[in-house]
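Next up: just one chain, as structure tokens, the form predicted on its own.
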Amino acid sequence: MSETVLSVRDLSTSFFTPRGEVQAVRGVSFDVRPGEILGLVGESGSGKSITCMSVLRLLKAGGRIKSGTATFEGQDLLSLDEDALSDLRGNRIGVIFQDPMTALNPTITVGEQVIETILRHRRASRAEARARAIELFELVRIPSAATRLKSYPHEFSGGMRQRVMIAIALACDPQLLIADEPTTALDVTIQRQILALLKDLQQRLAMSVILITHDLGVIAETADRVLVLYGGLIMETAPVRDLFARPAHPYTLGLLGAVPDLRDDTHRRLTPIPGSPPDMAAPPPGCPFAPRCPHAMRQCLDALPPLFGTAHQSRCWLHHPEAPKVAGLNEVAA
């Protein structure tokens, strides 16, 4: 078995607007391993969704991939012709989009939308595709599966629409599933149900999953490994337990400080990150987080740091051997 399902190298994506070039993703590299859940986390505008939409070449108007490779099953997704890529999307690579109400066609029954996906990618009769659709609805725990095939998206709750999206994404037994904010706009109880369902399906079907979210709580519950993005760059990457136990980047510390800890009975006040994200139409020459960082040095403003470390990496000059030591920022592995 290959050591990686997806290998992304030096991915850069920009949007060309009336204001000029907006550099949304800047030289991002990562691997997705067989059977793992890789979390991508960061504030809105950090580049996490655009990274995955670039890999799938599903960018909105004005978006352009400037450089990089994305190797899946021995093929570079960024250089495949459109027909070959279309054969992979929805087939070997499944996608759960952020808003199921806009991703689903409101004029077609949900069952027909699942059946269409199966017929597009599999040699199956319509009866076989319908039987598979019922099986998928049962798999994602939609009650009265055969009857609900005839329903339209507006006849489902938000949580049930998300289950339909998961069924469509799983229709052709993908090797890789990309879930873009799959619990956005759902209440906490339904969020937990959807996350538990995703984790259960990932383990049962032996899929790899990229989970995109702004919610560190979701990452803590679900992911095996995590990438923290900011300003179109990976700022920290680590196994999820290491990230929470030993955060190594000031931005990660800032994110954790802004999240309530239900185990903490000291009534600690949440600490928001001061300032605003960088303007990616004119990105700074140094660390994009430096203007908001309480530990920023002159070096941080002038030069972009590399990723320090191996299994646990941090893009911060504080991990340079000659940098001053700061309490609370742990050393990354050399």
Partner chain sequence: MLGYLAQRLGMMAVTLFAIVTLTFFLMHAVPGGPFVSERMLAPEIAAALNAKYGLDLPVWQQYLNYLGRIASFDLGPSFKYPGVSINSMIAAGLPTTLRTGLLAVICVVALGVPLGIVAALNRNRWPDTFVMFVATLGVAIPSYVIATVTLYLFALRLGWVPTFGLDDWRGYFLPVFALSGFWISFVARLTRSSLLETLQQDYMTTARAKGLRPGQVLFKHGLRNSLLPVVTVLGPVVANLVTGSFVIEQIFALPGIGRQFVLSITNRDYTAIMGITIFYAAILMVMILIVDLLYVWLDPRIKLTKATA
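Keep in mind the model is a prediction, meaning the values are calculated, not measured. Positions refer to the first chain, counted from 1.
The discussion below concerns the form predicted together with its partner chain, not included here.
For its partner chain in the predicted complex, the listed stretch (244 to 252, 100 to 108, 218 to 226, 190 to 198) containing residues with heavy atoms inside 4.5 Å is 100 to 108. Among R132, R148, H121, H214, the residue placing a heavy atom within 4.5 Å of its partner chain in the predicted complex is H121.
A heavy atom within 4.5 Å of its partner chain in the predicted complex is found for exactly one of I210, L136, M165, L233: M165. V95 belongs to the set of residues with a heavy atom inside 4.5 Å of its partner chain in the predicted complex. Taking the partner from the other structure, its partner chain in the predicted complex has no heavy atom within 4.5 Å of any heavy atom of T71. Among heavy atoms of R57, some come within 4.5 Å of its partner chain in the predicted complex. Contact annotation: E116 falls within 4.5 Å of its partner chain in the predicted complex, judged by heavy atom distances. In sequence order, Y152, H154 are the residues of 133 to 159 having a heavy atom within 4.5 Å of its partner chain in the predicted complex; the partner itself is omitted from this view.
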